[in-house]
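Next up: a single chain in structure tokens, the form predicted alone.
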Amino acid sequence: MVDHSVVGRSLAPVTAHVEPGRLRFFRETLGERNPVYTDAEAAKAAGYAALPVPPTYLFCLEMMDAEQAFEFLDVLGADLKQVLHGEQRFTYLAPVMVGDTLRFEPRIASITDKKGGAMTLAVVETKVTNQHGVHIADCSRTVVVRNKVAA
């Protein structure tokens, strides 16, 4: 079972730079063809100062640059083999551009047991700020932990 006492606990902050090469690899992997994300002139015509990142890129950037990508599993006391991805949410307060340096500050926001304790939903919320200290996004991810239940 997941330890409920970790609700509110902060995880290690992550600093990541939005690099054009890694962003291009991400776009190509997804098959992203929207010119706003691939063409600097189209991005400027849409009102951006530079190429913006696609909405889900923040999650990947945080995971790729974290010293320990699955720290939250250690904190929860969960084995990766027991975990399913539940959902992700992104609330953008300002655009994220190529060249930005971001700081991710994750914390365990909630833990809820379901199905008589057979599974647990754990929510990690992350505040994201840019190199100017501007709060630019809030991210949330839910993981589903399958618990071992006595027969």
Partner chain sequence: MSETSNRQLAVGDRVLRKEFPPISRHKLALYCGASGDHNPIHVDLDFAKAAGYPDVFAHGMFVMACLGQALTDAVHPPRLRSFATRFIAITQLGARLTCEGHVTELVEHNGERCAKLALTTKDENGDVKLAGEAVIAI
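If you're wondering where the values come from, they're calculated on a predicted model, not measured in any experiment. Residue numbers count along the first chain shown, from 1.
The protein also exists as the form predicted in complex with the partner chain; that form is not presented, and the subsequent description refers to it.
The partner chain in the predicted complex is approached by P55, whose closest heavy atom lies within 4.5 angstroms of it. Although the partner is absent from this view, H4 stays clear of the partner chain in the predicted complex, with no non-hydrogen atom inside 4.5 angstroms. Residue contact with the partner chain in the predicted complex: K114 places no heavy atom within 4.5 Å of it. Under a 4.5 angstroms non-hydrogen atom cutoff, the partner chain in the predicted complex lacks A118 among its neighbouring residues. Residues of 52 to 81 lying near the partner chain in the predicted complex, listed in sequence order, are P55, T56, Y57, F59, C60, M63, M64, F70, L80, K81, the criterion being any heavy atom within 4.5 Å.
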